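In the form predicted alone, a lone chain appears below as structure tokens.
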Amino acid sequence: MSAAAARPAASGSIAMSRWLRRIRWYLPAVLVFVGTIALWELVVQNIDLRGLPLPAPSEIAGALSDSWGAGRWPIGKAAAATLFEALGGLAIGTFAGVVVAGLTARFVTARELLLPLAIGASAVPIIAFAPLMNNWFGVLNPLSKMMIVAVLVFFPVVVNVTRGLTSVEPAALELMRSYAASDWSILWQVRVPNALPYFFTALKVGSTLALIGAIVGEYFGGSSDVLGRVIVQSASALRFDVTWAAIVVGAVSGIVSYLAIAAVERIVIPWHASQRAGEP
């Protein structure tokens, strides 16, 4: 066989080996998920669980299909509204966190003033913020839920980005200064690239907190076409299949948001060790 003919065969073998590694990597998680759903279905269908509001997965899927676009609780419309609030709050909290992190990393005085405020904001329970935000911005205004989400997202962004901007290798700073680089050049060529992995870590944490904050904020009032109100109202009406369907949609939305940020991270910083470690 010639070398030219051997090259496509070798590349095909490498691609097949890569796919096999990926299958072995993800297969245990898939089997655990499928096994859990099957066991859940069998237990609920064959064991009397009176007093435990736990519908079978098939009932949840049926409720999700029936209520997605119509009915008393249109879950699809509610999910879109809740996701809008979550993403809006994530954007607001991330922007504010990056600004504060830049100030705290650059100025010692700002660090002494702003970091205690960030820590204090993160220590306040979300159920304490929700009524205040509803009164300040209006119960029906999506901005009230966005601000709840922004408060939750703010602290992880501040802490992670500040650490990324300040934990730069001293040798890299000395090298830049030996070339008479300005503080602006050091910021964009050394500090910002060093902070990007920390920034994406904060975003991935914030993406899950955003859905939690939006849904919990909706418990305290607002439009009925949001996931939080669907969960409260369907549970009050003892329609636990609809309740669980709304919970599943919220969980899937959070997972998709996390995966989207992880995909952007792989594109933006493919050079970082975190993107190469553990690859199947």
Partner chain sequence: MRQSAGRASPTTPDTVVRIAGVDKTFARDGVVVTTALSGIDLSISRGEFVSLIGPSGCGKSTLLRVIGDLVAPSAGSVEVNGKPAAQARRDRDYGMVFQAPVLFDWRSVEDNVKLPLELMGYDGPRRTARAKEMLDLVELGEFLKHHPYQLSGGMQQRVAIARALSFEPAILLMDEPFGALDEMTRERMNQEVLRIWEATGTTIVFVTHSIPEAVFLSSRVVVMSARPGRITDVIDIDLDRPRGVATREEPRYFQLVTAVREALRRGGMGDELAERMEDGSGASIDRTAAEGGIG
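Numbering follows the first chain given and starts at 1. Small disclaimer: the values here were computed from a predicted structure and weren't measured.
Just so it is clear, the following notes concern the form predicted in complex with the partner chain, a form of the same protein that is not shown.
Heavy atoms within 4.5 Å of the partner chain in the predicted bound form are found in exactly one of 117-125, 70-78, 187-195, 88-96, that being 187-195. In the predicted bound form, Val205 stays away from the partner chain, with no heavy atom inside 4.5 Å.
Interface membership of Leu83, defined by any non-hydrogen atom within 4.5 Å of the partner chain in the predicted bound form, is ruled out. The partner chain is not drawn, but in the predicted bound form it has a heavy atom within 4.5 Å of Ser178.
Although the partner is absent here, Ala172 is a contact residue: one of its heavy atoms lies within 4.5 angstroms of the partner chain in the predicted bound form.
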